[in-house]
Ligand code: HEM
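The chain below stands alone and is given in structure tokens; this is the form predicted on its own.
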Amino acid sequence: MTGSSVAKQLVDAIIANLPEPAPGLRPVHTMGVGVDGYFMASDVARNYCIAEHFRGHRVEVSVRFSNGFGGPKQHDGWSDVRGMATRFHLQGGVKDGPATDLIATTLGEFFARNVEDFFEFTKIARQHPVQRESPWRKILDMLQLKEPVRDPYPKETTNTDAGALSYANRYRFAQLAVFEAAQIGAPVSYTRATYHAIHTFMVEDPHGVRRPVRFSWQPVAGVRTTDPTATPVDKYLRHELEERLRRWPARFMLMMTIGEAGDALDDPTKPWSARRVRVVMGTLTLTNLAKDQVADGERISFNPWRLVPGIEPSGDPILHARRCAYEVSREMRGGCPFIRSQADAK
């Protein structure tokens, strides 16, 4: 099968498991908000990577924050993986010009090592009806050292929790991501969460040295989550972000973790040691919600393969699959075209 046919099957598998159809919208991370800002590289960033946005000048950015759930309904107060997709507008900040993307989520690891794993996950972790577990059942679960089934949120009739747990029980490599997702909670703000670009990339320094790295965004204001079972609110994240940015900008630090011998370079399910060297590559400053939420929030199409000289993809099979899968999704909803480099724009 060709890459495009596999990508179409991947997207179709995701769509088939949505709680309800969302035609013309992203199949996952459907509900989001576009934000404007700028990025300034640190003084040391250029010593580690020759990419244009690490040279020290101001780079305009477009950011889309999102909830992980697919479908047209917005459930900000539900425990969910959140997304932060960032586009760095290069060479003068023209929005339809050369750019590079960094796509991250609040999940530190992925639940599948390759495309085959992902297909199996979509078969097992399907939507199933949910109901409140009795107090006696919860006590029995705890006596058996099992995590009690969470109570459904208001208006929640189906979810994938049981299937995802079954998948994790079957495959050890998926356990960290599945269990982390189950406990992730809801942020008080999109700007009060840490976002991880889970894949490994290869960066090149001015001397031609190539290093394996992983990127993450760390909020300057710190991480803070709510208890979704105590305050299940459908919509608050966009309003909170708008009010926050009216008072002052929000900032993130871009952290780059450098891999060492023995680290998994092509497996996004495996975390790296916390002892690895981390470099502050720069500061992202968010200033305001994008004025055109259609162009800069919904039509904008990110792709982890939109890269520039100095940063290359690793051999991660999931990273390779995402290139075409994102394109299939873009074409289905009429998003902006994928331009990887200045040469592609000509």
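Only a predicted model underlies this, so the values are computations on that prediction, with no experimental measurement involved. When you see a residue number, it is the position in the sequence shown, counting from 1.
Although it is not shown, the form predicted in complex with the ligand is what the next lines describe.
Looking at the ligand in the predicted complex, residues Ala85, Ser301 and Ala325 each place a heavy atom within 4.5 Å of it. Checking Leu237, Ala164, Leu254, Ala197 against the ligand in the predicted complex, a heavy atom within 4.5 Å turns up for just one residue: Ala197. Val28 is the sole member of Ile50, Val28, Val279, Leu307 with a non-hydrogen atom within 4.5 Å of the ligand in the predicted complex. Taking non-hydrogen atoms only, Thr269 never approaches the ligand to within 4.5 angstroms in the predicted complex. For the chain shown alone, Val11 is a contact residue for the ligand in the predicted complex, at least one non-hydrogen atom being within 4.5 angstroms.
Heavy atoms of Ser62 never reach within 4.5 Å of the ligand in the predicted complex, leaving it off the interface.
Although the partner is absent here, Val178 sits far enough away that none of its heavy atoms falls within 4.5 Å of the ligand in the predicted complex.
Between 102 to 110, 206 to 214, 124 to 132, 271 to 279, the stretch whose residues reach within 4.5 angstroms of the ligand in the predicted complex through a non-hydrogen atom is 102 to 110.
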